[in-house]
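As a starting point, one isolated chain is supplied in structure tokens, in the form predicted on its own.
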């Protein structure tokens, strides 16, 4: 190997190391910024998004939540047809809006016969916002607050302490607007639940929390005779209402470390090249 080739080798190695460091410094912050599992983003907005077709929804990020048949002892409990629901959430200073969208090719609004069942959707929160109750309607010691919409146009606000224990609030504070829309290539529902952040009654979830808030979802397809415990449900997810993590300073530290490392590599390489050249001249 010639002296010139020997002199270029350290420079080549230094270049490769510097490239790896730059790539790491660029990728690690991106990974750190990725949304945590089960987090549903909440967008701050200025005006009402109670209308499912409001233009402002286009600026609200969506989370696709997988659904599965709810564990239940009712007949045909595992025969459900809705596999996912798209969830978007937004707040003003005093109101929370949650839009649910899911594919459903049929419009089921009637319960006028024993075999007619309406489409439905529900959102479940812990009454104690700092806890995570049993996913199946909570328990006697850890209640849940449920918002439920049906295709008949009915909205209910429920309190539950386990399966089969639901009690309706006499004066629901939740309002709902629903419309049929296009979901992918098929039709579906777009439903917006709206409620004030501050609760005014005991056993109603306080949404104006300073900690992350657990939330779960359920959907019934009336055409498939889904009702009561025969429903598609999610696991617990959460709205990130807690203090924000300091992502920006973390990125700054990473870039600073990467910059120092790159400078050291270049300095060491320059010294090595100079020494190699001096040794070649003296030899």
Partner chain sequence: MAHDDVEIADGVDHQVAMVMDLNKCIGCQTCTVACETLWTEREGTEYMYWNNVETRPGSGYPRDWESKGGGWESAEHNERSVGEIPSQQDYGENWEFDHEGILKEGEDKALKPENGDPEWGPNWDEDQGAGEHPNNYYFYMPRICNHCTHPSCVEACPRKAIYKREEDGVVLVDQERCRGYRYCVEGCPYKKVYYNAVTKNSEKCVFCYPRIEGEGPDDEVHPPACADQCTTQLRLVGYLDDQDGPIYKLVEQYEVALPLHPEYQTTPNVYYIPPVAPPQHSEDGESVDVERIPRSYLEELFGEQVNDALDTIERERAKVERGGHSELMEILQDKNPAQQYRLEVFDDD
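Numbering follows the first chain given and starts at 1. Everything numeric in this text was worked out from a predicted model, so none of it was measured.
There is another form of this protein, the form predicted in complex with the partner chain, and it is not shown here; the text below is about that form.
Contact check at 4.5 Å (heavy atoms) against the partner chain in the predicted bound form: none of 143, 149 and 194 pass. Only one of the listed residues (81, 111, 155, 91) places a non-hydrogen atom within 4.5 angstroms of the partner chain in the predicted bound form, and that residue is 111.
Screening 125, 117, 97, 189 for any heavy atom within 4.5 Å of the partner chain in the predicted bound form leaves a single hit, 117.
Note that among 195 to 203, 177 to 185, 209 to 217, 158 to 166, the stretch whose heavy atoms approach the partner chain to within 4.5 Å in the predicted bound form is 158 to 166.
Among heavy atoms of residue 134, none comes within 4.5 Å of the partner chain in the predicted bound form. In the predicted bound form, at least one heavy atom of residue 230 sits within 4.5 Å of a heavy atom of the partner chain.
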